[in-house]
Structure formats: structure tokens, C-alpha cells
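Quick setup: one chain, the form predicted alone, written in C-alpha cells, and binding and motion questions come after.
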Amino acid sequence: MRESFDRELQRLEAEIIRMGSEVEEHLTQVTAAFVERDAVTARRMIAADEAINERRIQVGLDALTLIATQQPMARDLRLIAAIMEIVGELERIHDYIKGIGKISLNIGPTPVLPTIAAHMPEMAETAREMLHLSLKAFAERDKELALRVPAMDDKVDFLFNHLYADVVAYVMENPLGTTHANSLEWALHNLERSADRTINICEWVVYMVTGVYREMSMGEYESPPAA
């Protein structure tokens, strides 16, 4: 019975890693599509969200089945709780990816601002790296790594604030471009929120390892992990 339980837990963990890897890739792909006005890729990212949603539901149902049928001990319950919360965060991050794809299609062929074209991919890559490291911390039960990852959000926030200022300046110079500017700002917001969701994953990794849950504040953590 325990062997069967362990195999099912391992399967759910592996599904979290597979799903997370796809979300990682889609973060950078949808951003490149947004910058390059690639409607084909934007549509593909939107379509991919349905499968992500279905997988999130299935993982949650399978986790609940384990609780109901296997009477897991406290340590196992923490892992199952982390799996359920992390898969939810991955699904929400992909909602932001879908949102960027939809915004890209709504903008049409209109080019994005040059500064957004130059720096939004860097913002996406930082968010992707944060997600990658948070999943690594989950897979390796690495509390220290999970505690260090949130500091990387400072770079994402810096880039967001810088690009948001450029969008505001664009509106000041081009009052008729307000709708376009709002679309740009919303896409940047979605990317920034994706990084914030990754911090939630780190919080659940720490809970999984220690049994203590608390929200993470950027100022409390060390420098970002080495590349």
C-alpha cells in the first residue's frame, strides 16, 4: 500500500515539473511573440491554456483522492498541500500568458514601443528563471533556494516601473494613443504578476519542507542565486 502511495506522489511531483517546464517556455515564447507581433505564436499560447487548465484540475483531483483513500501522515500531507497549491499557481501564471497573447492579437500589427521591444524579453527571462528555480527548489526540497528566489523579483519590478514610465511618456506625447498604451501596460502587468505568483510557489516549498507557512517579503532575502 505504501509503495503504491509513494508511486502516486512521485507521479504528481513529476507532473508538476513537466507542467512547470511548459509554463516556463510559454513565458518567453509569448513575450517574443508580443514584441515581434507574431500572431501565430500568440494564438498557440492562447490555445495551450485549455490543456493547462485541464491538467491543473486533474492533479487537484488526484491529490484529493490520495488524501481520501490513503490517510497520509503529516509530512505527506504537506507535500500534497504544496502540490495542490503549486499547480494552482502554475495555472494562474498561464492565465497571464494567455492574457498577453490576447492583448497581442488585439493590438494587431502596430509595433510596440522600442524600449518595450528592448527590455520586455529581459523581464520575461527573469520571471522564467525565477519559476525554474522555484521548481528546482520544490524537486530538491531546497528551502534555502526557495528563500533566495524572491529577491530576483526586484529586477522584474525595476523593469516594469521603467517600461511603465515609458508608456506614460508615450501617452503624454500621443494623447490619441491611449488605447494602445493601455494594452502595452496591461501586458507588462501580466508579466510582472507572473513573477509574483512564482514567489507564492516558493512560500509553499518552504511550508512543505518546514511545516511553517509565512508570506515572503522582498527585503528579507539574500542576493539572487547564481546563474
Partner chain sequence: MSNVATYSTNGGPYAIEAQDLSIYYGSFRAVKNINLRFPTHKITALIGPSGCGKSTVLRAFNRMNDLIPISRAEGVILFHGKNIYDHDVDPVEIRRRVGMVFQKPNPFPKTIYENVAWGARINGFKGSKTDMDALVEESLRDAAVWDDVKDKLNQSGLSLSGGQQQRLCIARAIATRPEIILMDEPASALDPISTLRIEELIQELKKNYTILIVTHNMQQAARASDYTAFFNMDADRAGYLVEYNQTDELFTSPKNEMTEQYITGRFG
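Numbering follows the first chain given and starts at 1. A quick note: this is a predicted structure, and the numbers were derived from the prediction, not measured.
The discussion below concerns the form predicted together with the partner chain, not included here.
The contact with the partner chain in the predicted complex, taken as any heavy atom within 4.5 Å, belongs to 77 out of 105, 139, 145, 77. Comparing 77 to 85, 145 to 153, 128 to 136, 95 to 103 against the partner chain in the predicted complex, the single stretch with non-hydrogen atoms within 4.5 angstroms of it is 77 to 85.
Not displayed here, the partner chain is approached by residue 71 to within 4.5 Å at the level of heavy atoms in the predicted complex. In the predicted complex, the partner chain stays beyond 4.5 Å of every heavy atom belonging to residue 7. Taking a 4.5 Å heavy atom cutoff to the partner chain in the predicted complex, none of the residues in 162 to 185 make contact.
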